[in-house]
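Taking the form predicted on its own, here's one chain by itself in structure tokens.
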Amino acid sequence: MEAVILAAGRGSRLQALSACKPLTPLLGTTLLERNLRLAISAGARRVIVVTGYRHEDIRQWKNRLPLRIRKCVELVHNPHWSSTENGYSLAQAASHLSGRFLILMADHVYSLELLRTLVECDPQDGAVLAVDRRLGRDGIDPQDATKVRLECGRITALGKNLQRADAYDTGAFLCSTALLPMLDCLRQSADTRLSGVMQTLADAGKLLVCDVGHAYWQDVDTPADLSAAREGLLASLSGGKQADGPVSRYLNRPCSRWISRRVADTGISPNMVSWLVFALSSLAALLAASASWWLTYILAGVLIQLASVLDGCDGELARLRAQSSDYGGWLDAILDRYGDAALIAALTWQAMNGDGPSAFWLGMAALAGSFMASYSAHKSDRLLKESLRIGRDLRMLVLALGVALQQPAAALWLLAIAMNLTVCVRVYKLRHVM
């Protein structure tokens, strides 16, 4: 599958905030980069960005992208952008397309859920349009939005001035190659609107419907729209993650969401947060291992819990900006394991000072259980629905309390039992589902 992002327009209503509308900042990234990353996450192996106004700005933006993203992007310029509509821009990309493809608008904000729902559809020998039946939803100007009329799972009419409408056009299409000959003809047509092409498909009964009313999207034409998109995306953090344990859900997430909202517009990347969490864990381990004053123990405990809270921010920022990646997840997991090892080693050292060399084996049991609990979660989170998930959030809280209260042996005993028991339960349950 390929994707086309239309980014040729001037965007005059947003120029008070940004000279180039597709490169308008939103939560630490740009509208265009967000949609590019989402298209790739939804399965596009190549993304064609059709430029027009300020083409050179977008070319420079492409050159600054990470290599793994940049190699998927191809720029196509519409030299007649000022005198033609978005359908003509799409026609410029026709010769670069070889299979079914997504069409996205650079000035729309989509959720990954919306795109994944759309790409599961079958465009047959036409196209599928993602529509939203929530005509009364906040953030969408009904006078400015493109609306559609539906009948038996197909679109019969679309446009901004429909007298009777059933849904909004979200600006996201999944198209078959049957659309390509129509785009070639559009170059000689007086009507260069994309909606005109889609109306022709609708008249032939070939414009199908994908209802995405459960997913977030926002058309961004004005500063008010941009603010609505920002708040809409930030509101998506309220749900947390399905794999959150009780400590994350009720203690860490409210704090991490508060922090993420305040750093979302900065240049702080998710990977920077992962490294910061590792640095805090290492500092806490150093303080815990060398502490001799009660205030130092408390400070180390506070740092451990702060690291646990911040451990949720990297994923939250990645989801907000559509910057989730296999590398980011892998790096986070690696640094978390090093942080766990440092903290458990520090508590083991303290326990050995009080209880003698036998505490070494207690520390090894806690370390092994902690690592295996994290390793086994990779499978159990996908295959099991644990009513009480034992994970890193609980482990970090136990470590923080064990250090702050100067009870390292008790904390290690609790970790050794809880983590290893969790692994045993997962081994038992997974034998039925793997």
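In case it trips you up, residue 1 is the first one in the sequence shown, and so on. All values reported here derive from a predicted model rather than from experimental measurement. Note that the rigid core is defined as the largest set of C-alphas that superpose within 1.5 Å between two forms.
Unshown form predicted together with a further copy of the same chain; subsequent notes refer to it.
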Quiz item: Can you pick the stretch from 320-328, 297-305, 150-158, 175-183 whose heavy atoms fall within 4.5 Å of a further copy of the same chain in the predicted bound form?
Solution: 320-328
Practice problem: Decide whether Gly267 counts as a contact residue for a further copy of the same chain in the predicted bound form under a heavy atom distance cut-off of 4.5 Å. | Solution: no
Exercise. Indicate whether Arg45 is a 4.5 Å heavy atom neighbour of a further copy of the same chain in the predicted bound form.
Key: no
Self-check item: 4.5 angstroms heavy atom contact with a further copy of the same chain in the predicted bound form for Ala346
Solution: yes
Quiz item: Is Met1 one of the residues lying within 4.5 Å of a further copy of the same chain in the predicted bound form, judged by heavy atom distances?
Solution: no
Practice problem: Let me know the one among Ile334, Leu162, Val263, Cys255 whose heavy atoms come within 4.5 Å of a further copy of the same chain in the predicted bound form, would you? | Solution: Ile334
Quiz prompt | Sole residue of Val247, Val309, Leu226, Ala289 within 4.5 Å of a further copy of the same chain in the predicted bound form, by heavy atom | solution = Ala289
Quiz item: Would Trp61, His77 and Phe278 all count as contacting a further copy of the same chain in the predicted bound form, using a 4.5 Å heavy atom cut-off?
Solution: no
Quiz item: For Ala377, is the CA shift between this form and the one not shown at least 2 Å following rigid-core superposition?
Solution: yes
Practice problem: Please say whether, between this form and the one not shown, the C-alpha of Ala410 moves by 2 Å or more once the core is aligned. | Solution: no
Exercise. Using a superposition on the rigid core, decide whether the Cα position of Ala19 changes by 2 angstroms or more between this form and the one not shown.
Key: no
